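Here we start with a single chain on its own, the form predicted alone, put down as structure tokens.
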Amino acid sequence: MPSMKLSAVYAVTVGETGFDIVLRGGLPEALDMLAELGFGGVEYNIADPFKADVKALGREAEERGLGVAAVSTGLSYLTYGYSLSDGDEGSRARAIEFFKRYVDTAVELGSGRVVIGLARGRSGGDREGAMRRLRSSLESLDEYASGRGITLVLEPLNRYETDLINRFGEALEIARSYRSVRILLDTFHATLEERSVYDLIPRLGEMIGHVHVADSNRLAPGMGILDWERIVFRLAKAGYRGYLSVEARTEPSYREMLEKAAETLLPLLI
């Protein structure tokens, strides 16, 4: 049987955000809900890693028996505009500083994974230059992360969110160039960009470092057309033993979204 756990993404913000695929609001209440519904962990999407109360984040999760699935970073891009491919060298340097602090945060939280999603940026019309700058940033972060035992999980995103790294083949080529980089498989993005999310899983194999789950319409697993038994089986066969982290539109409500995800996935993880 697959030794995977279910988690969900919670937003650690410094203000309001329009990001509607993460849990928001009071942290104790959100974590109580996850624990009550049988989730095994929480993924923290942190806007500013220098301002986050990391000890409190770790304590609140631990008190409820929750692990920290990953430290996610997309809110730094949405809040401040920092990216690892930024054409402004000062801004890119700040993004690298943020990511080093994210790595330290992951160490403190016992997570082991830092997500590279939206914070890799967009090309701004200069894709070649953006990719060159992104690779340069990854070179700076690779040694830092690998020296601390942290995996950087690179997430291919659909073409409507960025024009940098939409396809998993390109992501694999990049990941294999670095010691610390693996792939984040997001089932929603994969459904949009690949022929088959099911066939993609064995192709990625041991390079899968983390998994985000949402259905074909980005609603909770079980509210679209994806075959979750097939997905979980293929992940287990590929040797994946991490978290399935729910990052789905919070509809009809936070609780109903989480209830549906738990109802769909938890029986498959026993």
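Residue numbers run from 1 along the displayed sequence. Bear in mind that the values here come from a model prediction, so they are computed numbers and not experimental data.
The form predicted in complex with a small molecule is left out here; the points below concern that form.
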- Does the small molecule get within 4.5 angstroms of any non-hydrogen atom of Arg234 in the predicted bound form? no
- Message: Can you tell me whether Glu161 touches the small molecule? I mean in the predicted bound form, with a 4.5 angstroms heavy atom cut-off.
- Response: yes
- If you check in the predicted bound form, is Glu155 within 4.5 Å of the small molecule, heavy atoms only? yes
- Query: Do Asp186 and the small molecule come within 4.5 Å of each other in the predicted bound form, heavy atoms counted?
  - Reply: yes
- Item | Candidate from Ala190, Leu109, Leu118, Leu134 lying within 4.5 Å of the small molecule in the predicted bound form - any heavy atom | Leu118
- Query: Pick from 57 to 65, 211 to 219, 25 to 33, 225 to 233: which stretch has non-hydrogen atoms within 4.5 Å of the small molecule in the predicted bound form?
  - Reply: 211 to 219
